[in-house]
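In the form predicted alone, a lone chain appears below as structure tokens.
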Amino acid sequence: MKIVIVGAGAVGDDLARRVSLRESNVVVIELDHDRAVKAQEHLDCRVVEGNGVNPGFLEDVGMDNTDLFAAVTDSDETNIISSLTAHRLGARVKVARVRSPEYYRGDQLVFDGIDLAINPDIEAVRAMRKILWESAATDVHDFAGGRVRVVGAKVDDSAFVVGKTLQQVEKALGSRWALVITVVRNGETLIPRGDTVIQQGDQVYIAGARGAVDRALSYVHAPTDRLKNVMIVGAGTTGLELARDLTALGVNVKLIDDDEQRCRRASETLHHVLVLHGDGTDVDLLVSEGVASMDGFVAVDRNEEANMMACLLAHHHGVGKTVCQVDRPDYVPLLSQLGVDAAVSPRLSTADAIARFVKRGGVVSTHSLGFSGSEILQFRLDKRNKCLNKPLAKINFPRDAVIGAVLKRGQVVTPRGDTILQVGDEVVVFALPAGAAAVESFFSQGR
């Protein structure tokens, strides 16, 4: 599969790093010399310096045999023109990162020839909405039309599972429990075994049928009341979209911004939101506006350091869940250690959405697991797969991966040693960065 990416910024860099783990023919185009040199030094793919809008240059790169073309620069116009040019030159699937609402009619881009337009702000809002609505969850990923769910949650100090091995938990809870596919402890991602002991503060990821996963969460994280009150810092595009979505779901929203003009615009467009002109890191303002009574607190200001500080203050005052918008992945481990519940990056959410188009060896979809580089992959099995009709215990499955759920004729099955994979089954797999390629190779054997 040939993949061409225009732009080696944060989105392009993360996208290239991710897809080059499973594809050998990846080309990154970057106009800026310094950025191109930097990308060449750390990306395991071909980097060429040039103008991704120039038809002659794209023709030299080779659009007629390009399976996926992704334009992800910081310029909407560059991405649109580049994608339309690639379309005319024969690229098969064209994806463009387009942020400005003026280029959309409803949810659709107004230009023909671009298969998918991804708005980073909308991708971030979707991620935040899922995290807020799943009160105990820090990550939520749905597969197979929502029938299979993978949820991440931090283990409470009083949780039922603390101090127990997974074997003991499964024996005690039976069908009320789901499968733990990974544990993140002190920044290290582990694939658990039966004798793995769950500790306070662990970040666990649970997979299975939607209902089973939701039930299992109550044994990991204390259940909370329904989402009623949310405070948002930042009245930019992301803040406005999130406020609009939450109020439509019946949530009371307070929106804070230190820019008077942005506050005025928010007041004019959001009729059921209390808009406050002020600093989201002002403790007196937060306390006077009842931050302690909030079920959720989201910081989406332009300054990610201010977002971090606002979330830390909200956490200190007892907010139910804090969500911070950041773009630097090296901030994320620090946030979780300090008590911020979840971090969302519009740029990396965009890269994640585009990476799902890269399908090989029966891959139906992929989701990245936070900023760890790990992946959750969904495969559909056909008669050419060599892993069919054997118990899982007798299959030489890749070491750095685990099967989290199996979908058989529409029914979600928790995988056991005696589970047998058959034609038409769909499997959801968690893979560490070192194991993703091996997993895809495993399911593509014989194809």
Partner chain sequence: MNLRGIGRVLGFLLLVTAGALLLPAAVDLYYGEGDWNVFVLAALGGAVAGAGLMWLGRRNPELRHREGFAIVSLGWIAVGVLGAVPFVGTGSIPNFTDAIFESISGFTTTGSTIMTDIEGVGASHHAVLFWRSLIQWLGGMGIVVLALAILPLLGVGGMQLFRAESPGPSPDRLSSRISATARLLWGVYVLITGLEVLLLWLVGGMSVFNAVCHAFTTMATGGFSTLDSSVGGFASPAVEWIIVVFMFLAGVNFSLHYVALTGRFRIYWKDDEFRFYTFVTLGASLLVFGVLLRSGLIQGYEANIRAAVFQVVSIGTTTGYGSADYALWPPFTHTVLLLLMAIGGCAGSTGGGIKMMRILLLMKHALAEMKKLVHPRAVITLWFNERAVTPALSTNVLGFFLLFMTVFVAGTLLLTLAGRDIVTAVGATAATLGNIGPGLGDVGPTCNFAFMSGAEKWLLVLMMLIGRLELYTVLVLLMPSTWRRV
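This one's a predicted model, so the numbers in the text were calculated from it and none came from an experiment. Numbering follows the first chain given and starts at 1.
In what follows, reference is made to the form predicted in complex with the partner chain, a form of this protein that is not presented.
Participant: At 4.5 Å between heavy atoms, is Val287 in contact with the partner chain in the model of the complex?
Facilitator: Contact check for Val287: no, nothing within 4.5 Å of the partner chain in the model of the complex.
Participant: Given that the partner is absent here, does Glu188 sit within 4.5 Å of the partner chain in the model of the complex, heavy atoms only?
Facilitator: Residue-level check for Glu188: no, no contact with the partner chain.
Participant: Taking the partner chain as it sits in the model of the complex, is Glu268 in contact with it (heavy atom to heavy atom, 4.5 Å or less)?
Facilitator: Result yes; Glu268 sits at the interface with the partner chain in the model of the complex.
Participant: Is Gly90 one of the residues lying within 4.5 Å of the partner chain in the model of the complex, judged by heavy atom distances?
Facilitator: Result no; Gly90 lies far from the partner chain in the model of the complex.
Participant: Choose from 67 to 75, 315 to 323, 257 to 265, 155 to 163 the stretch whose residues reach within 4.5 Å of the partner chain in the model of the complex, heavy atoms counted.
Facilitator: Flagged stretch: 257 to 265.
Participant: Of Val197, Leu274, Ala172, Leu338, which one comes within 4.5 Å of the partner chain in the model of the complex, counting heavy atoms only?
Facilitator: Selected option: Leu274.
Participant: Taking 4.5 Å between heavy atoms as the contact cutoff, choose which of Gly201, Gly211, Pro101, Gly278 touches the partner chain in the model of the complex.
Facilitator: Selected residue: Gly278.
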